[in-house]
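For reference, the chain that follows is the form predicted on its own, supplied as structure tokens.
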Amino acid sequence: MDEFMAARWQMGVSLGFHIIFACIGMVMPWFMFVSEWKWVKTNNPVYLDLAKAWAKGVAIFFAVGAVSGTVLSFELGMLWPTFMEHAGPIFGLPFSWEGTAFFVEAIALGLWLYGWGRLSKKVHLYTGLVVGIAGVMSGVFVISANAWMNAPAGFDWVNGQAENIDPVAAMFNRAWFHQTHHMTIAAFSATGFAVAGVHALLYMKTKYDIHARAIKIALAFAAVAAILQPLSGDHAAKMVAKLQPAKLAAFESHFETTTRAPLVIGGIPDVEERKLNHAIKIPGALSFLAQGDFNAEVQGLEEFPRDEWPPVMFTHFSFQLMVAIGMFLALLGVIFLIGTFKYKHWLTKKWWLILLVIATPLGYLAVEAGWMVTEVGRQPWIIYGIMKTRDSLTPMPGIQYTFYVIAAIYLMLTFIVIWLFSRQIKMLHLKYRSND
């Protein structure tokens, strides 16, 4: 493994690990808030137990997420110093706001965790709401910074230097809106189904009411998010077609510029022969997805220099995986809403609980695939159309070794988090067994 690939793998592993904790940090506080709100409204102690149990999870993920996020901040400067030299003054604004949101979230979470019996019920409840809002805003600011890398704005690039810098224009670049709503909705969908799946497994084992109520709260968020996600994806695809047509072509392994371009399902790209084998093709659907017109022209990869193509096979498979999982979760969301309003007996059936257990990791797999589509699909650019990733690499040798160390640390943290959660679940079940 050369230095360049080691650096990319290190960033990839770090981002892949951190993004899960970022999603949980954005969403879990809302579950915690709703559960406490239901306790305040009904005085049912099950909701109080659930809020406190979820709060422990939020605290664990917040701590680990803070560590992994700090590592990423150092890696940006350590691995890609040329990028940070030019980009730092331009897109530093969303990072500074992210830091502010992070501190607000940390303070509010501290008040929530240690405010039981010290704050009034209403003040304590709305402290949890602040945690949720700050968590979402923290994610939005980070995604805005990433969107700038896909649609650079707020500066003039003159002789290899950025001039006339406008940080506000950089923050609200042309990609920020579709990336932030797509990623935020994905976070709610993935985390909602993951939480529901874990509690579905525990409910099948114990039949404790706390898990049944947890499933309903988590799915209320997940179902709505999963159903909105295809609409969000449609808007995102149209923006990608405008801003990064080579990335859209890589999504679909679309090699030749054509009108009435087909949308493909599956398939194996043959980059050398410039064709897609064994795919199901829907005539005109890609043209409609990209332009809103079934007869519109869609640029193929042939329009771009060969050395500026994204890794087609990896991008294509990641995109297909993301879409397939997204559609499956949307179907589960529809089933949940229909069951909630018309066929409530569905939601107590074993087949439904098994489906939720199967869905537990799928949302996060879709998030990881989507993030790969975004990052790998932008290659070879680190600032799209301006600076290539390879040109921003540090001259420091031995990156392979830092990659191995980082990967080992994250693997260890994963096992620690799993152990901590298992311990919390056992303690919760011990309490309920003693009450039986």
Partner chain sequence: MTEVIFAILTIALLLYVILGGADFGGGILELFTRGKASEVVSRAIAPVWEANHVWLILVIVILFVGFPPVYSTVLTTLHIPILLALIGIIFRGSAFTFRHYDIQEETPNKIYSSMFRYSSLFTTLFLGVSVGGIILGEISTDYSKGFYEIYIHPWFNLFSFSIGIFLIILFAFLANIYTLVEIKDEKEVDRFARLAKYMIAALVVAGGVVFAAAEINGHHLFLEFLQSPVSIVFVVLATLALPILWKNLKRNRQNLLRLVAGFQTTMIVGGWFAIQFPILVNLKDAPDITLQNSKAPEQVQFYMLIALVVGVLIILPYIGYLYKVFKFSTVSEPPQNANKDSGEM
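Quick caveat: nothing in here was measured; it's all calculated off a predicted structure. Numbering follows the first chain given and starts at 1.
The protein also exists as the form predicted in complex with its partner chain; that form is not presented, and the subsequent description refers to it.
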- Heavy atom within 4.5 Å of its partner chain in the predicted bound form - residue from 149, 143, 108, 264: 108
- Message: Within 4.5 Å, heavy atoms only, which of 230, 311, 284, 99 is in contact with its partner chain in the predicted bound form?
- Response: 99
- Task: Kindly confirm or deny that 103, 394 and 409 each have some heavy atom within 4.5 angstroms of its partner chain in the predicted bound form.
- Result: yes
- Task: Would you mind picking out the stretch of 245-253, 299-307, 214-222, 90-98 that comes within 4.5 angstroms of its partner chain in the predicted bound form, counting non-hydrogen atoms?
- Result: 90-98
- Is residue 259 close enough to its partner chain in the predicted bound form to count, meaning some heavy atom within 4.5 Å? no
- Does residue 138 reach its partner chain in the predicted bound form, with heavy atoms at most 4.5 Å apart? no
- Any of the heavy atoms of residue 123 lying within 4.5 Å of its partner chain in the predicted bound form? yes
- Item | Distance check, residue 158 to its partner chain in the predicted bound form, heavy atom within 4.5 Å | no
- Item | Heavy atom within 4.5 Å of its partner chain in the predicted bound form - qualifying residues of 394-423 | 394, 395, 396, 397, 399, 402, 405, 406, 409, 410, 412, 413, 416, 417, 419, 420, 423
